[in-house]
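Only one chain comes next, encoded as structure tokens, the form predicted alone.
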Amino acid sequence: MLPGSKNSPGKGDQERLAAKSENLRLRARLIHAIRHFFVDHGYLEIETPHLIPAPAPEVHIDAVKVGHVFLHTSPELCMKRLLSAGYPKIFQICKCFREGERGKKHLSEFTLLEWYRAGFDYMALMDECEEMVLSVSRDLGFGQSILYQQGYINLEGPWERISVEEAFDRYSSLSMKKALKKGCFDEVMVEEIEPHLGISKPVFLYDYPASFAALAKLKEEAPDFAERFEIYMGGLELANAFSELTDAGEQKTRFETDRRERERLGKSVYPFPKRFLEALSDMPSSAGIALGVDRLAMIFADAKKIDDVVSFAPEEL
């Protein structure tokens, strides 16, 4: 069989790629609209290296090792060093990499929008998220209402804000405290709570238990909770955000705990991100967020699978 003949395997590949044309054009316009919003709001677009010596040792996120370094799982550590050096409003749209992530909503190589703003906390960041997504929607010609999976999502603010504890009480078969005690918090979130979130209007799910703080600041008036939120649209988790922890000692303690847990689970234990910790004491009070561009494209394209909004899924290479 000759390459390019009517019945060759390559022809099917080309047809699948051609079928993505409309979604890829929308994706390109989406990225342009995101960039336009941040530049128009005084943010500096920056680039940081994809190859880093030490990722954050988060328990459930695995970095891809390349020789003696790692592909970054997010640009967070480098961007916070820039924030600490006096860059008050920065954003980045970049490729990120995570080992073993694959599914209808997951890719091991994906595109992330990440931004940080000095002088903000997580509540102020919620307002900016609403403004950004609605601005992008208008630039794309959708206005304040978009069709996703046979239902309309109203983007007009204010979006709904639900605490994690309230979400467990509303949607789960057990309380948040019981889920934490049984060690099934994540499973209950995915199976019982997430499918109900953001169906007709985006939702901020906020105030996570302190054990899920990661790099977030704890609430001063309620230290059992972290100043962290996630955004859900159409039942799809879209973003993860914090009021940033600026206490280097506390962050080091958390990293040490996470490294021990990774070791207990038989996972790779990464080198310590020393330069990040050294810079952290100089970081101003701030908030930051990581938003999945591929998933946002899924919503605007009304796509069921993440494969439909990227040029090549891993299996197509």
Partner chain sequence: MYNASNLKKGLKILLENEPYVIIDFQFSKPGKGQALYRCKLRNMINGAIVDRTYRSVDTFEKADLRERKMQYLYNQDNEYCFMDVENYEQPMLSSEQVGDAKHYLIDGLEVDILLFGDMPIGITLPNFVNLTVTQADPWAKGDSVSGDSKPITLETGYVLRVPPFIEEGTKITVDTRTGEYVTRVKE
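Because the structure is predicted, anything quoted here is derived from the model rather than measured. Positions refer to the first chain, counted from 1.
Keep in mind that the form predicted in complex with its partner chain is not shown, yet the notes after this line are about it.
- The closest heavy atom approach of residue 219 to its partner chain in the predicted complex falls outside 4.5 Å.
- Residue contact check for residue 187: one or more of its heavy atoms lie within 4.5 Å of its partner chain in the predicted complex.
- Taking non-hydrogen atoms only, residue 177 never approaches its partner chain to within 4.5 angstroms in the predicted complex.
- None of the heavy atoms of residue 71 is located within 4.5 Å of its partner chain in the predicted complex.
- Taken together, 160, 293 and 308 are entirely out of contact with its partner chain in the predicted complex: none brings a heavy atom within 4.5 Å.
- The candidate stretches are 270-278, 251-259, 59-67, 37-45, and the one lying within 4.5 Å of its partner chain in the predicted complex by heavy atoms is 59-67.
- Only one of 89, 102, 95, 201 lies close to its partner chain in the predicted complex, with a heavy atom inside 4.5 Å, and it is 102.
- None of 164, 214, 126, 236 but one reaches within 4.5 angstroms of its partner chain in the predicted complex through a heavy atom, and that residue is 214.
- Taking its partner chain as positioned in the predicted complex, the residues of 230-262 that bring a heavy atom within 4.5 Å of it are, in sequence order, 230, 237, 240, 242.
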